[in-house]
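Just the one chain here, laid out as structure tokens, in the form predicted on its own.
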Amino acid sequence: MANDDQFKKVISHAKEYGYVFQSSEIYDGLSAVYDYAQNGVELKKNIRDYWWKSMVQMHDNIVGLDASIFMHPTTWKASGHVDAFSDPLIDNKDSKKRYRADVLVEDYCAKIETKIEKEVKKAAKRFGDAFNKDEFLSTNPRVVGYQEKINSILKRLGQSLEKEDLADVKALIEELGIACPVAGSKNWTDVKQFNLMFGTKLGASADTAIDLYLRPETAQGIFVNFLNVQKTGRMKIPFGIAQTGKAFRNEIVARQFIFRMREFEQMEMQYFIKPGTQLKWFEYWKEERLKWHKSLGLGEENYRFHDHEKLAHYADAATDIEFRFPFGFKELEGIHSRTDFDLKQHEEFSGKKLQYFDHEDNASYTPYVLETSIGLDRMFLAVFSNALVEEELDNNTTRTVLKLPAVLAPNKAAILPLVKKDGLPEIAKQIVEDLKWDFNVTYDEKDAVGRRYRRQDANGTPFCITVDHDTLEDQSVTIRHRDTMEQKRVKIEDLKDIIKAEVDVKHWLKKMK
């Protein structure tokens, strides 16, 4: 299945099975704004809970926070967002379409990466079991040439953006012969910076209203509360503050479904550390976060680190965990060493000290910060797109199955009476009543049982539990596993333990150890 076709199937499946709807669809929608439907809201909640349990509940020195979306406007002056939170935009004069200049260049490099992947597949087919991928990537002249070209392009792009040499960014686009994806035209405007913050007003009248911004990130709410949390929680460095919540960015080009939206949710943790220890903690959290991702079983080959060529103004080290989406490797989570920039900026603009007194050193200092930041919506898309597969079955038919990690699935089990009579629905509904105290479960009695199995496969439900006439005699049911389609006869009283063994967070997070 071609990647474009796969992505179209992902978007279609998300709507058809109640995961994601276009916002305000009856009014033809609102660009790059989406609603999470009845199954989507459960999957999103389960991802958030999985992150929270791992980050907060499993760490003695990390606590939570829920800061407000509205913040004093000086916050964004201090953080640098008013002056520096912008993306380079470029317009095509013929199509009148607007693009992020850096994304155009990155997409060009992604096409070269696709050529590398094709070379790898051809070689793997040719050499079979004797194929050594790492050796091939480092020695094959064509692949090495492709990789050198990518590195050269991205290095130049990073240096130009860091120096704010927007003329060279345009020159790079022209030298690479990048055309407008819509019109095929290479007639570009100059590159300009575009601030991404949404402005709003606070106040009852136009005369007294003050200008505010919808927060473009959740981190600043943590920084301004650093001392409040540290003192009230009697926290000792190193310690972390975690938060999930909405952020808003007026993206130049919001695209690729829920990958890049104007209203999105972040899951962030800011880890406050002693100056001079930042590189140690940077490496630690890189590995910890990758372990968390891998614990979900989405495939180790679908992750990679991408170190930043261009560092943000506050960072001394930064890397992304990239995931292989249907449209290529893209950023899923960022790990940044933010130094003491944020706390010192807020000290300067507020006139209040934000320092930590270290009793061991008998000295005060401004802590450094190590940040982990993941987009919840992007994580949703990573999980969902990876899970959607079409399988060829032994009887020459196919089935569409959403192989969500069982710990994240919206419904853990579907309870199915074989027929809608003979007391079977009553037993099935009693099983629902018993299980719903511990799990999200659903009841399904419409259509033949085979069609119900297929429907639950496509919904991502890990277990189907069928009540039949034998159940009346032996108090046993048939439990079917989504991924293997294996069916077993089990006692009703054992259902809770069987399901828990597969969906319990502890079972999944222990893979990180």
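Numbers for residues come from their place in the sequence shown, where the first is 1. As the structure is a computational prediction, the values presented were derived from the model and not from experiment.
This next part talks about the form predicted together with a small molecule, which is not shown.
Three-residue candidate spot F264, E333 and H336; every residue lies within 4.5 angstroms of the small molecule in the model of the complex by at least one non-hydrogen atom. For the options A382, I258, L416, A219, the one in contact with the small molecule in the model of the complex, meaning a heavy atom within 4.5 Å, is I258. Interface residue among P326, G375, P88, P410, judged by heavy atoms within 4.5 Å of the small molecule in the model of the complex: G375. Residues within 4.5 angstroms of the small molecule in the model of the complex, judged by any non-hydrogen atom, belong to 367 to 375 and to none of the other stretches in 367 to 375, 270 to 278, 72 to 80, 236 to 244. In the model of the complex, the small molecule sits beyond 4.5 Å of every heavy atom of R289.
Interface membership of R100, defined by any non-hydrogen atom within 4.5 Å of the small molecule in the model of the complex, is confirmed. Within this chain, E251 lines the site of the small molecule in the model of the complex, having a heavy atom no more than 4.5 Å away.
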